[in-house]
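Listed next as structure tokens is one chain, alone, in the form predicted alone.
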Amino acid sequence: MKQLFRTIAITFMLCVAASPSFSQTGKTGTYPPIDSDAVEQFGGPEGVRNWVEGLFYYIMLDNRINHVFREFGNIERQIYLNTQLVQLVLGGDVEYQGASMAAAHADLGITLTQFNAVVEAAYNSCERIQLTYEACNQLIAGLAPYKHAIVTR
């Protein structure tokens, strides 16, 4: 059942990724929209960081994608910047200090399979911190538009 839910969610995410509501500067437009208290549903900024740390935990266990993150280096900085990005996507009041998604991923040659592996890690992190499916799906939908900038081959 859990695998079926993930498959449906990934399919939904890919449909949302085709949405023209992509934004690099703030909360992305999703359907349904992201709740105004989305950051609080994660447990505030600290909860978002816990989720991102869980995300990287699962990424580093996955041989389909861990080499990309190891080669890029400085995992702690990646966690820091991804925490900012997730807070921003969820509507938090934070300044994202990283490069654009296109610039950060341009030379990495990320495939759709690798992108989907990160989505799988994202759902695993949601389960790890016992986040509701609703809150988790809002985040995944908010991050989905970045697919166009991340998947380059």
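Residues carry their position along the shown sequence, with the first being 1. Values in this document were obtained by computation on a predicted structure and should not be read as measured data.
This protein has a second form, the form predicted together with a small molecule, left out of what is shown; the following refers to that one.
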{"property": "In the predicted complex, Ile65 touching the small molecule (heavy atom, 4.5 Å)", "result": "yes"}
{"property": "4.5 angstroms heavy atom contact with the small molecule in the predicted complex for Tyr96", "result": "yes"}
{"property": "Contact of Ile34 with the small molecule in the predicted complex (heavy atom, 4.5 Å)", "result": "no"}
{"property": "Contact flag, Ala141 vs the small molecule in the predicted complex, heavy atom cut 4.5 Å", "result": "no"}
{"property": "Site check Leu90, Ala121 and Cys136: each within 4.5 Å of the small molecule in the predicted complex by heavy atom", "result": "no"}
